[in-house]
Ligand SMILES: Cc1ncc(COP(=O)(O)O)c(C=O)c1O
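First, one chain by itself in structure tokens, the form predicted on its own.
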């Protein structure tokens, strides 16, 4: 135990030490075996731990070279990964750019590529980015500025000034009682249009949004045609659409790209944490040949770069990860397990006074509850699931998020649901209602 480490939560006990991971289980130093439904808490471990295929591929690459610069040298595995990532795409993006390590880096890369496109066309005033409240895009300054983390508001003096936000897209909170889903979608798109007009279309570079509102608000899918309505507004005012699929991409929704459920093609789409399933850090931005053509005829190069973009070892880990995920077997399993989770929770808890809804896509799902002291209720659920059932869940604020490995077995998921439903009812039974 080191007292030299600067830990995140300075006034809390030292976190549990982990000895190893196998499949969807974590083994602690003190001998516990924990079934993890959080994907390593940050939802990155979408194939669990100690996957032999991925590890063996990484070992083979270690015998060759760990990394070669993205700008100066070619790596055939980058080409293979780009081809694979586009092989099941239903959208029309056709260029893969390796951004760096994290989703936050990819967010900033997408923003810079968007601005460079407008700049190279002579539209240098397009410096504004619009995003949504209750979104999260990373912790570097520009990514943080387009996200919404109230606990980090003290950083605001460091933020660029040309950033704006519109309301979160959440039918469960903001759709009016007599409003249709179609009308709610149109109203959300109108809010974006009004914000663009308020700033001035000639000044707005791009709109950034999570395809599914992610971990902060709890896995809220868009209403039908929402992204098509947003796309229409962006096209009308020459504003790029940037989609964040760091949390909900690479098969976690049941499709490789979550936006393919919505039938929309953004101008940029970025991915990170799930790309190599946590075996290595790596992130990418997808765009199209139209963007590339403007760069070619403008400054002749992409002006963004990072030291470890297209990291050769990370690319191999991502390539083997995606070979596993890019199969009907996995994607169909994700859809089936997601339906099982949502259907069972609805069936068992829909009449419970604390239950509000369960929602999500694939194996990105959340249960929202209503009760006094919501955050404490979620923390209590999490504690009992761990202490009494050896199962890790992510319960806090107003929701419990489930983001297990995509290859979780049906019997394992049913065990989780049995214990969660039982625990929900047990904690609620003695919860103070006033």
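Numbering follows the first chain given and starts at 1. These numbers were taken from a predicted model, which means no experiment stands behind them.
Keep in mind the form predicted together with this ligand is missing from the figure; the text below concerns it.
- Interface membership of residue 266, defined by any non-hydrogen atom within 4.5 Å of this ligand in the predicted bound form, is ruled out.
- Residue 137 belongs to the set of residues with a heavy atom inside 4.5 Å of this ligand in the predicted bound form.
- For residue 102, a non-hydrogen atom is located within 4.5 Å of this ligand in the predicted bound form, even though that partner is not displayed.
- Contact annotation: residue 257 falls outside 4.5 Å of this ligand in the predicted bound form, judged by heavy atom distances.
- For the options 246, 188, 341, 109, the residue carrying a heavy atom within 4.5 angstroms of this ligand in the predicted bound form is 246.
- With the partner omitted here, the residue from 320, 262, 210, 229 that has a non-hydrogen atom within 4.5 angstroms of this ligand in the predicted bound form is 210.
- Listed stretches are 238-246, 350-358, 310-318, 195-203; the contact stretch with this ligand in the predicted bound form is 238-246, by a heavy atom cutoff of 4.5 Å.
- Interface residues of 251-281, taken as those with a heavy atom within 4.5 Å of this ligand in the predicted bound form (partner not displayed), are limited to 273.
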